[in-house]
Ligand SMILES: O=C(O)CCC(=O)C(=O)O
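Just one chain is shown here, as structure tokens, and it is the form predicted alone.
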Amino acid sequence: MTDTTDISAPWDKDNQAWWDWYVGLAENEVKNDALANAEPLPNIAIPSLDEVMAELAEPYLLANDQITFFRENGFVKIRDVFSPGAVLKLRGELIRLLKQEFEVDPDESAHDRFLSLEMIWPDNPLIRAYVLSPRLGQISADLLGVPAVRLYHDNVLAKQPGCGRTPWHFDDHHFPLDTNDVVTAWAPAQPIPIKMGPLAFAYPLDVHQLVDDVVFEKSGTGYDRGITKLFSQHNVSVNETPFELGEVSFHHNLSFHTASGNCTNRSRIALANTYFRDGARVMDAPTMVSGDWQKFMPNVKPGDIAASPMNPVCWPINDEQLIESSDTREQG
């Protein structure tokens, strides 16, 4: 182990600094092409908070072939998880939050950063409706085949116009949990055409075994290039397809994925919520790649069960949660 590959130290900066560091690990070709104009967003009625909560409390019945596909391939893309109005309401709120935090319009082409906000749900009733929604919790539990799931964290992700690739990675690096029953619901806040850089998934799920010997480097693009080379040598299949309005992808923590750069004039904004099997523990030695994990699980120590108040059970819901949901609607 060298200083370049030693990731044992905890992350000691903030969340945005983590993302600035991490996207810098991607290999990028230099491109000077003009940004493409994104298609106009539809002019439709925007639902109220009450209507969004009612929508996301309704179950979404998965087909058996969707569950089978996920378990074999490590990801699945599901259409119409959100209505178009719910997506655009989410986008409006995420843009407001990003402007407030970074003092910049995320759609401005002069800025090509990967912006991120985490742990928004505790203080924002609207975002809480999406993050703790019974629909996303139920889909996640059904895909994993577990009786109950908790929230690890929410993550607002904005890849601005001109921002480059996201490196090849799997989320097992990032979540300091002692289980592989972990899934991330990645919900775009607009359609994502190919030029905007949708998530791309390598499959089947066990392709992660091909890169077990590729050493993660905390600087440079060697890890990203090494994975790209191995996947090419083994003719690994990659799914890179557009996202329709309301389509949500769910990916396993062992699923290798990447995303191309955003070559449009609109930010690629998504809300990514990670859920895990209830009863999992924090691993003994989280690393810097786990980021600010103690922010997501306050007062939980390595070896403890991951069950802080910031990690509520999202499925199944109980009577107490139903009362809290009613209170939220009245406040909204």
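Quick caveat: nothing in here was measured; it's all calculated off a predicted structure. Numbers follow the displayed sequence, beginning with 1.
Keep in mind that the form predicted together with the named molecule is missing from the display, and what follows is about it.
Among 130-138, 217-225, 163-171, 234-242, mark the stretch whose residues have heavy atoms within 4.5 Å of the named molecule in the predicted bound form. Checking each option against the 4.5 Å cut-off leaves 163-171.
Does the trio K159, W186 and H251 actually contact the named molecule in the predicted bound form, every residue with a heavy atom within 4.5 Å? Yes, the whole candidate spot contacts the named molecule.
Looking at L143, L199, L94, A202, which has any heavy atom no more than 4.5 Å from the named molecule in the predicted bound form? Exactly one residue meets the criterion: L199.
Using a 4.5 Å heavy atom cut-off, which residue among K77, H257, K89, R150 comes into contact with the named molecule in the predicted bound form? In short, H257.
Please determine whether A272 contacts the named molecule in the predicted bound form, using a 4.5 Å cut-off between heavy atoms. Contact with the named molecule, yes.
Using 4.5 Å between non-hydrogen atoms, is F114 touching the named molecule in the predicted bound form? Looking in the predicted bound form, residue contacts with the named molecule include F114, since a heavy atom lies within 4.5 Å.
Indicate whether the named molecule has at least one heavy atom within 4.5 Å of a heavy atom of W19 in the predicted bound form. Judged by the heavy-atom cut-off of 4.5 Å, W19 is in contact with the named molecule in the predicted bound form.
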